[in-house]
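Take a look at this one chain, the form predicted on its own, written out in structure tokens.
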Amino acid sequence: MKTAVIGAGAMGSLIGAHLADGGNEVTLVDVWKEHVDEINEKGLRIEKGSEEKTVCLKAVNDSSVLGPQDLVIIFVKSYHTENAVKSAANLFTEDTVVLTLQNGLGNAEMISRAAGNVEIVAGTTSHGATVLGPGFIRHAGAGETIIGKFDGENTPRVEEVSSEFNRCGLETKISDNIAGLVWGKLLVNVGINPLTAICGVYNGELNEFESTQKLMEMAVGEAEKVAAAKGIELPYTDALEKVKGVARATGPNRSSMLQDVERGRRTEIDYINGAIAAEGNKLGVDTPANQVITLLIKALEEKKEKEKNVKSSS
């Protein structure tokens, strides 16, 4: 299966490496030149526990050098989705499947607007990964991937993608409730990502303090009410316990939002807690905790941006 992965961060690199290791023709696409160069020269190094392996695959900075693909996987940050898809128009034909496994709300809709007549598949994955350096990632934890059609009934091409993922060692299932799964993952991110970023703690530490547990309860509770008002069927019955369980299971992990804040990068807060606040406003559901959490993350972003400006002008 000829595959391009748009956004070769930790997760994009991990998924791409599995598919390439299984014999697929895979190209990673990313703007990080050092990462791309290292992969092309030495392969992608993957650390997992005490073991390390190297997978050889192709990487490019610009998707315009590629031809049409059978599968395009979108793994950029949500705020880059629409532009990334538009710039990759040369990869799409009417036979191309576009798969998003991104965090946050709205990615499939943005892809639909930007990509035109392609088959869009959405999903979630429980794999965890971290970038350790150019051409080097850590596979922090394995889990299942669930995919399905974003709009409409599942098709043989969804089955084909699922089958290929499974063949390449990525446990994958198909669901008819993709909206519920995307929202289910969203609620987990709502309760973990911004709180770890604001408090500067590992995922597991959120369960250790009364104050962070209360903040988690407030944010997730509001998100659960918004989901109910929208008619979303969540994939679990107790949202708060689910979020606490994920925090425990990923205890040593540093969330992607914490890493973004520490590195002075823009976060996906508008597509996580900010999205809950926006949907709540549309549906008449109050979301004060999510509004405040969104503003706190934006304040951290602005602080880091100011620090960078001061440093560059000195």
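Residues carry their position along the shown sequence, with the first being 1. All values reported here derive from a predicted model rather than from experimental measurement.
Absent from the display: the form predicted in complex with pantoate (PAF). The rest refers to it.
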Exactly one residue in Val188, Leu195, Leu99, Val182 has a non-hydrogen atom within 4.5 Å of pantoate (PAF) in the predicted bound form; which is it? Val188
So pantoate (PAF) isn't shown here. In the predicted bound form, which residue out of Thr212, Asn203, Ser162, Thr124 has a non-hydrogen atom within 4.5 Å of it? Asn203
Any non-hydrogen atom of Val246 within 4.5 angstroms of pantoate (PAF) in the predicted bound form: yes
So, Ser255 and pantoate (PAF): in the predicted bound form, are they within 4.5 Å at any heavy atom pair? yes
For Thr250, is any heavy atom within 4.5 Å of pantoate (PAF) in the predicted bound form, or not? yes
Does any part of Thr145 reach within 4.5 Å of pantoate (PAF) in the predicted bound form? Heavy atoms only, please. no
Have a look at 255-263, 48-56, 30-38, 273-281 and name the one stretch with heavy atoms inside 4.5 Å of pantoate (PAF) in the predicted bound form. 255-263
Enumerate the residues of 70-107 that have a non-hydrogen atom within 4.5 Å of pantoate (PAF) in the predicted bound form, in sequence order, or give none. Asn103
